[in-house]
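Only one chain is shown below, in structure tokens, and it's the form predicted alone.
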Amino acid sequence: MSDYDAIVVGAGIAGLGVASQLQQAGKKTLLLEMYPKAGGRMQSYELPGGYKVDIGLHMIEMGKKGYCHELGTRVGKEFEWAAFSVTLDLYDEGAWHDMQTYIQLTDEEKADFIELMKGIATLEEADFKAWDNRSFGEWLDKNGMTGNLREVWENMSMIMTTIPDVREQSAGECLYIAREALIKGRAVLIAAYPRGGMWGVIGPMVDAFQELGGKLELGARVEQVVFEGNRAVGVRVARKGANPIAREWRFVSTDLVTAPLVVLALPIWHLDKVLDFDREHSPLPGWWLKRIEDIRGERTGLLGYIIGTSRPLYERQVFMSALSSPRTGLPLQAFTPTAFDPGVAPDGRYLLVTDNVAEPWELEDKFNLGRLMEQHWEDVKEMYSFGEDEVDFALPYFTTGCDGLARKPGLTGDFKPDLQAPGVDGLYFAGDTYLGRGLAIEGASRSAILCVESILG
């Protein structure tokens, strides 16, 4: 007899969503998270003095109209949202510009643009699939995009994909995100900020899982998925404090926890930490192992600052973007959480979050990363016109894999790994690196919904 009906590994939004839905369906579920705090890439922290910060730059595509919100309502939680951001402010020639005034279309161009938007709003899944292996740059060329209008589109597609070059962006994914926004929000790109930051989503999801009777174990590192033949039967979890010698020198002691269903809510680049990729010993087929090995390096990267200040540096409720920063030369993304929710900072204090979009290899060299961080800081001071004496703190951060599997041609839609492991029973996957379209958190939430639908039938 098994210890649990289901084990879910990873307590990010996808893992929490899968675990809560399984527990709600009557399956005794264990949720294991290696970090001491739930949330994955949506972790949040309260700093001394009352600032509430997330571990990077996060807004959630579609807000109340998206799959993240639906995931909450499925398990009895209603997230509270601040205002939508339905437009962009763009940085060009030393100043910020509102997108509508920046484009400056003629009446004829406006009419053509409206017809194009109508066309996007009527696209169907087959249309996205037809463009999944083609670049968004090709789509822009096909539709005659030039000048400031093209620059706006390139800014939006960079935000949609966290990929700087339109020739590296999947047109299928960009068009899907645009269609959803047009249908649900009458804009090409819309996003919202939860009240209280990302913990305004993660906290209620943790509560939902535990209120439903699920067991959450934090600081629990899974070392291996265990199989009997071609069937998953549980996981081995690192035993805490079992071996006192230095980590590099010790063999990890583990405890076996059993269940006939295991869901890995982990990005694909972490799968080899828990699955045996040796062709002779793995129960998974060789073609699948090769596919994962081929694409697990396809990630996106960010570097930036979370900045607390004594005055507001930008007060508009918008997302901000630039295709090239003055010193780094990299695309910039930014927004001010306190413009949406003043409660994430103490009275009279404000937050600005910035990042540069970069290739992972640019960040994995610590010396190059250091240079970019210095340049980015000088760029931010110039772009927002503040002095260091106005700064309470500036927390640097960087990440590779911020938005899951890179949304490149040949890596979106049905090209993404499936939610059920091929050739074995009882092993499933969920998260933004598996099936489920949409930007980052939205894609991970959709993946969680699809995963549970696949399990429960």
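It should be emphasised that the depicted structure is a prediction, and the values quoted were computed from it without experimental measurement. Quick note: we count residues from 1 along the sequence shown, nothing fancier.
Below, we refer to the form predicted together with a small molecule, which is not included among the displayed structures.
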{"property": "Non-hydrogen atom contact residue 22 with the small molecule in the predicted bound form at 4.5 angstroms", "result": "no"}
{"property": "Contact of residue 116 with the small molecule in the predicted bound form (heavy atom, 4.5 Å)", "result": "no"}
{"property": "The small molecule contact at residue 71 in the predicted bound form, heavy atom, 4.5 Å", "result": "no"}
{"property": "Heavy atom of residue 13 within 4.5 Å of the small molecule in the predicted bound form", "result": "yes"}
{"property": "Residue stretch of 22-30, 49-57, 388-396, 417-425 approaching the small molecule in the predicted bound form, non-hydrogen atom distance within 4.5 Å", "result": "49-57"}
{"property": "Joint contact, 127, 163 and 406 to the small molecule in the predicted bound form, by non-hydrogen atom at 4.5 Å", "result": "no"}
{"property": "Sole residue of 270, 371, 215, 167 within 4.5 Å of the small molecule in the predicted bound form, by heavy atom", "result": "270"}
{"property": "In the predicted bound form, the residue from 302, 352, 323, 152 that sits within 4.5 Å of the small molecule by heavy atoms", "result": "302"}
